[in-house]
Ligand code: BGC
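One chain comes next, on its own, written out as structure tokens in the form predicted alone.
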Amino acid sequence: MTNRRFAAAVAAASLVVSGFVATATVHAAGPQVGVVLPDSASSPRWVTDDQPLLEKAFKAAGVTYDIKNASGSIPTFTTDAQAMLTEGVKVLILVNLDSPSSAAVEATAKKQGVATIDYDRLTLGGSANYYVSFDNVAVGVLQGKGIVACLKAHKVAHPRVVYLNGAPTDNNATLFKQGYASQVGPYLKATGGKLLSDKSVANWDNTLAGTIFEQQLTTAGGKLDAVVSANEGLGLAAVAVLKKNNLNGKTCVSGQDASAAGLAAILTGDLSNTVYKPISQEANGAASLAISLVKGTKAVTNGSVKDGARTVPSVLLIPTTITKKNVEVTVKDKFRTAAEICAIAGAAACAANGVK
């Protein structure tokens, strides 16, 4: 599938989301599409972005749906997904909490002839018909490049760095680390720097991340030049600890998700860099696939990924690095508003960086 045809399909989904056919309604015995989102704690995106975007797309296309949030619980994830299969959904969209539980759900769905879509996170050993996500190694590469650029700007001769990785059960966390390690590792070797600690955070738990980072900072003797954190939740947890020790703004800290709080922290200098993933593109891509499967039209993809020997047709999207210089990009894209960012960062920080 060419990028031009894929772009046209996503554009069409965007038109649907904007409400051009919002009056269409399908009255079915049960939902045609089921969606299970992972939690509301690891990132605000699942509640504030993904769910409303998916809802708009399905409503606009006249497709009935059921969207649940597993609240970080694997039993809840499994129960919700199984309930949707019992309700007779034709398509199941899953953001897994771990691969084994999601693979089990997908196996059941396959037996029942229900198509499945891995959304944002690939289910290893699963049987999903499609995968929709960003290039997650590329996300990590951008995180790592941002950290290296920050260390260079701070003119750190022999940088002292820690990794604060995502959940070990999330394949995306593995891919993010692959990306940022490919940038930070060689830089440390070239400069005689040191990776002082390399820790993962179970369930992307931000409270746990703060505890782990306090231990990392103590082990480092209170002297750190960079925290390579896998998302903004973890990064902001580290920032809270750095603030207590008057080290915020002096230490490079990465993130991703471009949340309002994360972008505000970029403007105030507490985060050095983050990654913007236009979630509307991801939601529209998944919705477009699901709608096609429900209506029996051709599903549009633009690539594929490997899961062992299995090739999964995919919609793969391109992330963007964000620093102080281009926070305004997220506002121009209508992903965030200046008001929500500036309410956290302060008017002065926004004015100084052209966010309006």
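Not measured: the values here are computed from a predicted model. From 1 onward, residues are counted along the sequence shown.
One more form of this protein exists, namely the form predicted together with the named molecule; it is left out here, but the text below deals with it.
Although the partner is absent from this view, residue 204 contacts the named molecule in the model of the complex, with a non-hydrogen atom inside 4.5 angstroms. When contacts are judged by a 4.5 Å heavy atom cut-off, residue 254 does not count as touching the named molecule in the model of the complex.
In the model of the complex, the named molecule sits beyond 4.5 Å of every heavy atom of residue 274. Within 4.5 Å of some heavy atom of the named molecule in the model of the complex lies at least one heavy atom of residue 43. Out of the listed residues 106, 80, 170, 270, 170 is the one that sits within 4.5 Å of the named molecule in the model of the complex by at least one heavy atom.
Residues with any non-hydrogen atom within 4.5 angstroms of the named molecule in the model of the complex fall in just one of 118 to 126, 85 to 93, 191 to 199, 152 to 160: 118 to 126.
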